[in-house]
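We begin with a single chain expressed as structure tokens, specifically the form predicted alone.
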């Protein structure tokens, strides 16, 4: 597993990180997001959508669990915040999305991690204490495809990233 940390000092930087991810994404990619409420998960997904060429506004699918957006590739934006038991996720039929020809971006992925692919790119967002608007975004890549993606991302975003 390869990991690094990005430090974002604004919504614009978080969005920019997401855009770079979206540009690099390929069909079948799975992006997992975790972190506290309001830490920037949806902002990161909005950037991913922009990088995929999605023109419509992307917002959290908390009440419908999955939203689909058309861009260069389909973006399947999932949010497991309201999930109370892992069985609820299993009943959604997410395998079709996870093994489809689009990109899956899953917020609150830690609530169903046992059902998600081992190979993925995982972002954990955290508030930086005492620095308003700053977030630490820890990225972990599992699998050669995602290690390559993370290394490309690091090259392009080197000004606010560091290896762990």
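Numbering follows the first chain given and starts at 1. Not measured: the values here are computed from a predicted model.
The form predicted in complex with a small molecule exists for this protein as well; it is not shown, and the discussion that follows is about that form.
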query	finding
One stretch from 48 to 56, 23 to 31, 91 to 99, 104 to 112 that, in the predicted complex, holds residues within 4.5 Å of the small molecule by heavy atom	104 to 112
Triple contact flag 9, 14 and 39 to the small molecule in the predicted complex, non-hydrogen atom at 4.5 angstroms	yes
Close approach of residue 133 to the small molecule in the predicted complex, 4.5 Å, heavy atom	yes
Any non-hydrogen atom of residue 43 within 4.5 angstroms of the small molecule in the predicted complex	yes
